[in-house]
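Shown next as structure tokens: one chain only, the form predicted on its own.
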Amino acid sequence: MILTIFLKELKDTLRDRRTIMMMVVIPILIFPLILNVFIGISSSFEKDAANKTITIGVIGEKNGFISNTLSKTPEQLGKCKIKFYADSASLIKDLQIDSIQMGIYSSKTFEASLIEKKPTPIICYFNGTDIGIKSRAEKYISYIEEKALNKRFKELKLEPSKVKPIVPLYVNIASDKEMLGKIAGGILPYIFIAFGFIGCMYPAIDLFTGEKERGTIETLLTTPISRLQILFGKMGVVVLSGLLASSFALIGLFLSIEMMDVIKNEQLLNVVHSIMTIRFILTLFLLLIPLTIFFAGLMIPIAVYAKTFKEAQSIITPLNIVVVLPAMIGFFPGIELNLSTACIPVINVVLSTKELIAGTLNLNYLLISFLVMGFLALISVFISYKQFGKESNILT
């Protein structure tokens, strides 16, 4: 009987265009759309920032070391023009109105300090809100410093290698897979949680509040079927809708990577392919199933209680923020899956997925996370049954 109700409700749900849009169309299309826009805008800004000819304001001698060095900068540092200023106030004023994009101030004793081989400071002004200008400013200052250093070595008749006793080499023992999991692994569970919640929302409202509005719930209750069977049949459709929305989100992400050439680095692309295995997908669904049941258990009591579709939607929609906010913990560095975090709902799913992507998942913590979410799913089902069993909630 549960299967009969499930198939009947599933058939009705698949006829609803809103559900199909939220469950299939949007999850598949959202990633190619977002990634295409994001990559296009980022590439455009980066290209413009790199090729842009900037004007550098200089306070100092017109034929001094800084101005002469800047006039001979190689093309890879970007093209620049030089404008001289008498004081820092006028330089900063022009910098604020974007008349110049960078300013360099050196004291009157700068040239003398170079001759006397003393360290001398130079001040670099820039507007940090201008995309790419900070990195270009750092390159110009490094170039000036390098030229001054080479000049001093030449005057002292020294070889640079003889005054550099240590050459540090940094070796990252973490694999590319671990780096991807730790840095970008928080995005994937966040997406699944968001789409899983949205995928559950419309079927939950339609199958309970919608039936009350249409007056068909009374007819269903007159059949010789227990309310528990009716609840399980309807809840199965809600859970399946949430899982399908998460699955199509994964498909959309995969298609974006494969078809849009998002990842240019072949080595990184191989790492992504190595992650997307059957084992990864099965383990991911092991976590998503109790999570989606928990979502359904949160929504169904509200949908049963609400008198209209609009009322149910107005209550459940803000709940999305409360549920999805913990998923943002996955973006924070330094938060790892341990005994404590494995016991925190939603967060344990996010951190477990990060560890799963990195290939460092502890099976004991995975089991604890699954048991915690499973326990919460059972509680949510029990609450749903209690609410569905009240005549005052159904016959209104």
Partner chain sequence: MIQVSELRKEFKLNKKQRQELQTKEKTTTAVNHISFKCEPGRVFSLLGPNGAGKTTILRMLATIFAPTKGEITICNLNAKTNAAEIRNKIGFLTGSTGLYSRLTPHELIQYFAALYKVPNNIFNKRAENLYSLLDMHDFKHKRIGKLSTGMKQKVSICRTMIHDPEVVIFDEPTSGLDVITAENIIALIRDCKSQGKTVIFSSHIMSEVDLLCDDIAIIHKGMLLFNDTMDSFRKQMTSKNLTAEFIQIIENS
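Just so we're clear, the structure is a prediction, and the values are computed from it rather than from any experiment. Residue numbers count along the first chain shown, from 1.
Below, we refer to the form predicted together with the partner chain, which is not included among the displayed structures.
Comparing 219 to 227, 282 to 290, 120 to 128, 164 to 172 against the partner chain in the predicted bound form, the single stretch with non-hydrogen atoms within 4.5 angstroms of it is 219 to 227. Using a 4.5 angstroms limit between non-hydrogen atoms, residue 211 touches the partner chain in the predicted bound form. Contact check for residue 386: every heavy atom lies farther than 4.5 Å from the partner chain in the predicted bound form.
Using a 4.5 Å cutoff between non-hydrogen atoms, residue 215 counts as a contact of the partner chain in the predicted bound form.
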